[in-house]
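The chain that follows stands alone, in the form predicted on its own, written as structure tokens.
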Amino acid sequence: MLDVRGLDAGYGEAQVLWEISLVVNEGEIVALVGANGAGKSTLLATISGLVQPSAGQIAFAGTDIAGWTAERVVAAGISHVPQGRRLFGGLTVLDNLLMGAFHRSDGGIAGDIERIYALFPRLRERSSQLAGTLSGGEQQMCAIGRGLMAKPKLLLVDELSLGLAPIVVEQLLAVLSSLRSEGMTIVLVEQDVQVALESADRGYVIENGRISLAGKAADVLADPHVKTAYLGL
């Protein structure tokens, strides 16, 4: 579904990503892990059109989308749940969910709202509450729900567990697992290496803007370098 080849990107003259290559197959969860500042968020932002690459290819379902605008990327079927949630705090939960469907003109929006409420019953209870007053876990539910309202084929989730209690993270991971079982393809970016790799099919480790290790998630988790550098084992 996604084939990134030789990708370079950064901000102005500051290059952050160097010759990144990775593959995401349809219907799998791929974890992208690494230390803070390694380039994980920049990679997602480049895939989703928020950062323009300086070199390389981003093939999505066989089409090179490198350099596309974010709006065009969303319309093509990629939805990005950003680090820190980035909700519209002065809008209600329902309005935030509707913002995720801004490019849609089909008649299925009301039904998809109900689907999000089924995935996250707490959001139904908070439907008319301002998003800025939600708890951290509820905000993450709303951010994921907003991303799903775009009806993506590929969901990019940046730092799912940031600032959340372990029990909430478990609940969110269970939702992502259920989405995968329905055919959703997911890229999960996480600083918590163990959380990410235990939930994924395959994993990539990014260090200093370069991919340093790739493989089945269990193999990456068991790698001596990963255990020493990221798990302290």
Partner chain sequence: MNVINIAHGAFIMLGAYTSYWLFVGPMHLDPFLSIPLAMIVMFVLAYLIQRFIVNQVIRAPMLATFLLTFALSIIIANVAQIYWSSDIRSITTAYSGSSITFGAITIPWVRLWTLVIAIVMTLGLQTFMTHSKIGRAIRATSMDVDAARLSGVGVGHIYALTFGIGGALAAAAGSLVSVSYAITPNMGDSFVVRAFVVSVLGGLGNVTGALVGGLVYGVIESFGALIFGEGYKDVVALAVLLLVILFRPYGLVGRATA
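This is a predicted model, so every value here is computed, not measured. Residue numbers count along the first chain shown, from 1.
From this point on, the text means the form predicted in complex with its partner chain, which you will not see here.
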{"item": "Contact check for D201, I211 and H225 against its partner chain in the model of the complex, heavy atom at 4.5 Å", "value": "no"}
{"item": "Its partner chain contact at P53 in the model of the complex, heavy atom, 4.5 Å", "value": "no"}
{"item": "Contact of G107 with its partner chain in the model of the complex (heavy atom, 4.5 Å)", "value": "no"}
{"item": "Contact flag, E71 vs its partner chain in the model of the complex, heavy atom cut 4.5 Å", "value": "yes"}
{"item": "Its partner chain contact at S48 in the model of the complex, heavy atom, 4.5 Å", "value": "yes"}
{"item": "Contact stretch among 134 to 142, 159 to 167, 118 to 126, 90 to 98 - heavy atom within 4.5 Å of its partner chain in the model of the complex", "value": "90 to 98"}
